[in-house]
Each structure stands twice: as structure tokens, then as C-alpha cells.
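Given next are two forms of a protein chain, the same chain in both, each as C-alpha cells and marked structure 1 or structure 2.
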Structure 1
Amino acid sequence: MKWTRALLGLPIAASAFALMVSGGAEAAGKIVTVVLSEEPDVIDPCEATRSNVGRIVKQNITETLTFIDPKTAKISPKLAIGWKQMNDLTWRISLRKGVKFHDGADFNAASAKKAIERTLNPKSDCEIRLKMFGNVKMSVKVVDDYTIDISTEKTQPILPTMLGTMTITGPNMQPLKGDRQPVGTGPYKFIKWVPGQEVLTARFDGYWGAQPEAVGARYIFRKESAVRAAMVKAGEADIAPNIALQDATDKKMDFGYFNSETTRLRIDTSRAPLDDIRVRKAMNYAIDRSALIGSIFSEDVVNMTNIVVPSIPGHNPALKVWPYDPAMAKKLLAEAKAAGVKVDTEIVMLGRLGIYPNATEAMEAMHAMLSEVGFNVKLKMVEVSQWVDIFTKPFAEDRGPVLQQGQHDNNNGDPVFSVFFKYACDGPQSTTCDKQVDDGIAKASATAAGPARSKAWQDVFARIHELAVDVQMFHMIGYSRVNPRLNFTPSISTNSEVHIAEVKFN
């Protein structure tokens, strides 16, 4: 492949960016262009558990206290170098010395405390707080310049793992979510965000770790999978982390891998007629999952019965996949109607544009299947900002019944990062409430890692499955396209994080 156009094949806009980094044409050749399916609606690191933010920010601009290996779920040091449980409620965390934030501020106990408190501030709806620490009340105490104690209201036996989700922001960032200039300790510093066009980062010369090869990254946004794949093939981009099955056609450039995403339709069980379990079961019987596999979805996806992938301890393998049985779906709807349930009520199927490849086509297919058995469904596809607003509490009081397309990423090694958030009565994205589920979450969360904890989570998943609170779909397969000029292999983490520091050049 020839690299002659606009400083070694980079788009023209990247040429101007090269002036921001040292090294001229050689540096320009080491700027990585990443083409994403969704633009961030915010760029605050406390939203880094959302893929449209995390792919840019996490472990690039901001780092975490511990690092969770996505393959093994084991934790290793990052900004924290050690941890010790002092008693049932308190962990002592030792911090790395000699670390600077991008704005020159020191990373120490005081700044770590400030960053944690910023993320967990109840006045901000930061997704890290809502998703990872939603039912955890904790306080941070400075012990000395490089030691903090973290105390929780209830025992948290896997707190060091939980800290692998906590992005550490600079002490000079604005105190509440919404900062448009993120500052962290990562190998790349934020340069600028031009909404609708690009996000630029540049290598941080003061980084505490090894200096990466790539001198910067440019993130651009294209909704169409075919366009993203074509841009990498033409040398206009280097990495397309999320392309559709039908576009992954080049064995030299395309990588397929089992990722950590689980897809579903969330059923709002608080709204009629979705509050009737016969209606919810009918929805699951109505979906011909086998017809979706190998056509709209990869032939390698796995039917889901749990919100977490099978590799996560606590996944319940005994749960059965809903069979396709349109006759049963019609029978259940007829029974519900005879009992006075208004099954003819219009139900909105709310989808998110670009949430995964072929997202619109998937919703169209399921809309047809639900309609065929007698549901009155209306399909509506929206952008990510509107989708998030509807997906997360507080919900509109005057809302009608909604089936909302969802995709959940958990490569963090424990169901605690999924179940409270999605299914507890007080869960920030939960549309269901069941005492048995809540009691099970409390029990599992307080149990030490091991067989007993796994069994406790399996019991919770069995109850969730029994309640039929989702239209269950698939554990997903991801496809990424990488330009041959790079030595970079996508993995399970690429779905939510693209670690530019791992990029080498051929």
C-alpha cells in the first residue's frame, strides 16, 4: 500500500493536526486515525463506561486505579500499586508516586480522593457511578501523601476490582460532569473536540509509563459500516473498531472476536400491558432468533439467557433459551386479553442508531415478528443522546409502554457491574422491581469471590429469567478492520476501549 497523499496517506485534516505534534512528516505517519460509528455526546471521563466515550477516553486520556484484564478478570496495578483490606468495611490503597496530570498537577492521595468523589457525586448522573457503584456508599480518607482508605457502608469484598472502572480525572477539572476538556494521567492528552467532525489527542511527554509509538490519535465518525470499512481499506483511517458482518470481507485486515456485549430489548414492566408476564413471555416466544443468526447477526453469536457473558463467574448455564413458538405467543396474548389486559395498546420499539452493526435492520426484523403474532408495535430509531436520556432514570411519568433496544458490556469479571444497574428496584436503568431479585443482589454483592458468590449470582439470574423482564437476544461477536500499516490486534476490550498505546507500526 502506498502512503503518498497528505503526509503518508492521512486525511487532509490530519495534516494540520500533525503541526500540533513534533516530528513533521514522520510524526504525521504515526498519528492513528480511528473511525467510530457513534460520536460522543459528552466527553467527560466519568461517562467512560459508555462505548462512545470510553473508546476515546479510557486508558488513553484517563487511567484507572487498577487494571482489569478482560481475558482473565484478574487485576493488576495501574495508578494504585497495592491494596489491603483493613477490616470488613475498609480497604487501604497505595498510590503510584511520580505521576503528573496533563495540566501539571500532581497525582497523589488528595487528587485521587477528589477524582473519586467527583465521579460518585450524586448531583451528577455519571454512568460510572450509576453502573459500577450504584448501590455502594463509600467515603475516601487521605492517610498520607500516597495512601488512601476507602470505606464502604456494607462489605465490598471485590472493591479493588471495582476500582478498575474508576477513571481518575485531574483536580482542576470542573467539579460536576460536563467538562469538555478532560484531563488525566494517561499516555495521551486531549487536544480538542470539534462536534460533528473529530476529537484529537496527542502523546503526553510527561507520562509516567513507557512512551507509546503513536504520537497522537484522531477520532472521526461515520454511521455507515460500509463507509468505515472502506475508509480503512483506502488508507483514510487506521482502525474501524465496529464493522458489520457483511463488511468484514478482507482476511488481511479484518478481525472477528467474541466480545463482551449482550444485546436485548428491555421491557418496561411498570407499564401496561407489559406488566403482565403472559405478554412478556409472548414477546420472547415471538422472536425467531435462528432466523437472525447468520443474516443480520453473525453466525457465531450465542443466544443469551443472562445479561453477562458465559465467561463471567456467576453466569447461570442452566437457563434455557426461549424457543421460537409463534403459536404459544398468540395463545398467551389471547389468555391475557380474555383476562382484561389491553394487549392492543400501542407499544413503542425504541432503537438506537449505530448501537451495533445492522442495529436498524435487527429492530425492523423483530418489529415484523412481534407484529405477526398480534402485537401493536411502532418502531422508532433515535440518536445516542436521546436514547440515553430515555434509558436512564428519572423516567418520564407519562410514558407509555416501551421496548428499548439495549446492549450491555461487562468485561470486568463479575455480575455486580451489571445486575444492580439493570434489574434492582433502585437500579438507574431498571424498569423492574422484585424483592427476591433485590435480596439476591444484596447477598451476592456481600459474598467473597468464589463458588458461593457465583452460586448467589446464578440464583439471581434464575429469578430474572423467570420474570421475563427482557426480550433476550445474543452475546455478540465483534468485527474490526485494521490498516496493515499497524501492528494492532483487536480484542474483547476493543468494543469499549481502543488502547492507542498498544499500537505499533509495521
Structure 2
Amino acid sequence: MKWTRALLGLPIAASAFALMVSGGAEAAGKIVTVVLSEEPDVIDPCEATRSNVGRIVKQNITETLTFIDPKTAKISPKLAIGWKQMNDLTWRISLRKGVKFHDGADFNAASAKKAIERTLNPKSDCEIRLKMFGNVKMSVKVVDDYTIDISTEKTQPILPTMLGTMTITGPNMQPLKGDRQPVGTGPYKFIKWVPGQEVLTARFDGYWGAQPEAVGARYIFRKESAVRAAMVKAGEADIAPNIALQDATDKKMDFGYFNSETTRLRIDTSRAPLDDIRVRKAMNYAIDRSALIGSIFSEDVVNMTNIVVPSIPGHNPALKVWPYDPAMAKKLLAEAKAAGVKVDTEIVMLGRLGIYPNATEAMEAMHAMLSEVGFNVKLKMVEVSQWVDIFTKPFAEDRGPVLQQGQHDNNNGDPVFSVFFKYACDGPQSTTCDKQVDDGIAKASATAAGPARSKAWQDVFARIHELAVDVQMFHMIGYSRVNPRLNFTPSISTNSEVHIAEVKFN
């Protein structure tokens, strides 16, 4: 019976240990513990557009030449203090003086050139290159110690905005992706990474800007949103970016904010019956968006009418939200049927598991709504790989009509990062083709930043809206939980960057 005694002893021992642990947490002092949903595979700054890398690295370890304020989409100086377009193909960038990398190297024109070339090295598959500079060929020339010229093959009117994604790495980092010791100019320097457990950073004494309050940061990883939320509540973590709606139950700790993600169902307009505009409109009329808001989606989400969020210049505020009108939907379907459109064809609703919180329930609900007005829809939920296969070109020739669940993130300051990919005839994820849209994109892309460019994009969005090529859904809300011992308000940028330097302690 020794066993029973040992077992009875356990809870007592456990509570004693718990006391020791909670004491330790308080002693952690001014180190900020951030609990993320996913551990990065590599912590290379040239992958900073991946949110799990960006949250650790961006503006903490490495900084960018320009800074895009996610709230206003305005660009401001960071490592670059000025920029000027010299001619159609060349921008001149002046660099900040007196900046040092964590390893002691100087930040100057030569190291800036080296950093850009490292990120754009075609041997490296860096995500920043593939995602932001895939269609851009550019070369960097050192003009003097603190000035560089960036030349591109085609004219790039918003190059300074694009440079807001370019992380500047130290000149001594190994030239190819995969260096496990990221070096930058940021307020925090990388200390160590214990795979599977934690990443540690510490305040960099030689930082060019103001010294932040937090002495360091510790990043840990838990996949389940409920666990991340519990950790902050229990005092084991300070910030949990990106928790699910149903875990954001504590008004004192949980902050909601627009996270720059926009959700929709992409309609494949090349396949009957989805090639008929009446059918596409009927789909939009069939969705009871107000029933989804506050139930499956946060009560603070906003109906989308553009694929970019309202803060992006070029967003068209004049476009109207589709009202919920099942009678109209039925009428349009009947009209289409009378005109010989095969409206009874089975349409697959292809969802992706976990694309956003409650993604499956959202699809189930919309499936019910579309069935209600008479669509023959079939729901299919798949994992990422299968979803991407169908989402991106080349498309299968023998595909049937598909409504595909999508979510798009554009916090990079200009619609060009969204519209070409999603709506141009040649767009890699476009299931639509319209001459007016294509011409509009060409015109807007070539216009210099400013009201004229915004107007050009607004025209494109109006045309896209008119064509009803999406079942429009929402601009999404993200939730982060913050330990009350911090004075830190998460915002739109928390989705991809967590600026430890902004953290103050109460």
C-alpha cells in the first residue's frame, strides 16, 4: 500500500512546488514573455514577412529602411532618413548615421547594399524576396558612405513603401538563408534559441534610439489558443498575440483591433454557373452577414467591400455592402435558370482548416445560408497543402465550380500588393479576367503615390465590386491578451510585429 500513500502525497507536494514557481515568476522582472502560436523554423530576418518570424525579429532585432505605420499606412524614416526619385528607374536613399549592428559592425552604404543583396539572393528562397520582390529586378549602388541608389528594371513608384518590408541584416551574417544568429541594428539583440522551447533576446546597449524599458524578451510557443490565454491569466506570460474570439473573455486583459486581414469566398468566375453575374449576386444576397457578426465572428468585424482595409490609400469607401435579401437571391437564381444557366450544378465550398478562428463553423453557416436560397452547395474542408494547390495557378483544367475560403493580409501600405494577385487575368490566384480591371491595375501601378494613385485604385475596386467576383465577408478583428503588469496596447501591427521597445511596466 506504499503506492497509495505516495499518490496521496502528490497534491501536497504539487502545491508546495507551485508556490515556488509563482515566486519565481515575479522575480522575472522586466523581461517580457511573449507566447506565440507557432515556433519559427528558421529565425532569419529575411523571412520576416512570415508572421511567426516577424513577431520576434521585426523592429526588435532587425530594422527596416523605412517604417510603414500599420494604422495609417504612412511611411516614416527608420534606417533611411530620406528618399528621392532621381528618374523613372532610380531612387536615391540617404542613410542614418551613427548606427551600429549588434556585433559592432557599422551601418553604412556598404552594409545596406550587402543586406539588400543577401535578402534578394536568388539562391536563398527568402520569403521577403519571393513575396514582395518576386517581379522586381533591382540593383544597389553605393554613392557615398551614407547614400545608396536603388535602380529597378521597371518603374517602381512606391519603392519606399516596399522597402518597409526589407529587413537590414548585419554584414557578417552568413550570405545564405539559415543563419541561426540573426544580427541587426534593433533595440534588442538575439541571445539564444533553444529549439522547441524558447528564444531569448536582450536590450542592446549600443542602440541608436532611446533605450527601451524592458531589459529583454523571452518567446515561447503554444499551439492552443486556450493555453496561451491561460498562460497570461496565470502570470506565466505577458503578451499572447492572436488568441481566439472565444478565449478573449476578460475585458481587462483582452484587446481587440483590426488585424488587416480581410476574408471572402473567392468565386471561380470561369466555371458555369458561376460565370453568370446573376448567380454571383444571388450568392452575395444570400449571406446574412449580421447574423454572423457577434456570433461566429467578433462583434467588431466590419463588412468588407474592398480586399484592402480602409486605412490603405486606394480603398473605395463609396462601395455598398451587399444587403441580406434572400427573396432577391431566389429571384436572381430563377432569372438565371430561365435564361438557361444550369443553376442546379453542384458547387463545392472549399474551406481551409484553421485559416482563421472558427473557420469551419463560418463555412458551415454559409453553407446553410446558400442552401437556404436554393444553391446546390457541398462543403469540403481541407488542410493547407490541398487548399494552396487549388488556390494558386496553374489551375486544374477539369475543375468544377468552386467557392474557396480565403483570407488576405495587406498591411504593406498599397493595394498593389493585393489586387494584381487576386484579380488580374494573369494574377497567380485570380479566377477572374476582365479587361477593364486589367487596364485599371496597369494605370494605378504606374501612378506615383498620392491622390491620383488612390483614385486609380478606387476605380479598380469599383469595377471588381460591380462584377461580384467574391462573396464578400469581413475585415477581421484580432485579439491579444496582455498581462496587466504591462502598459502596452496591442494594435493592428501586433498581427505581424510585437514591438518590445513600446512595452512599459505598470
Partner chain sequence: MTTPTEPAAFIPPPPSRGLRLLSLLWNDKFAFMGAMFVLLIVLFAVFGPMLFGDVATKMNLRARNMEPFTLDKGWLFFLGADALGRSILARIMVAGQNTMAVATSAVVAAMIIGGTFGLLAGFIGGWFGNVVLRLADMIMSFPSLLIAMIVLYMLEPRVENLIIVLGITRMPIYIRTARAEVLEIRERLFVSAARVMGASHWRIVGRHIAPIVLPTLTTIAALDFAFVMLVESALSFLGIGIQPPDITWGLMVSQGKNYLQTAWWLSFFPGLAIMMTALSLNLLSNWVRIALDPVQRWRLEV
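Not measured: the values here are computed from a predicted model. Throughout, residue numbering runs from 1 along the sequence of structure 1.
- Source of structure 1: the form predicted on its own.
- The candidate at the hinge, the spot where one rigid part hands over to the other between structures 1 and 2, is Tyr257 among Gly134, Tyr257, Lys223, Ser385.
- For the chain modelled as two rigid parts, C-alpha superpositions between structures 1 and 2 yield a turn of the smaller part by 27°.
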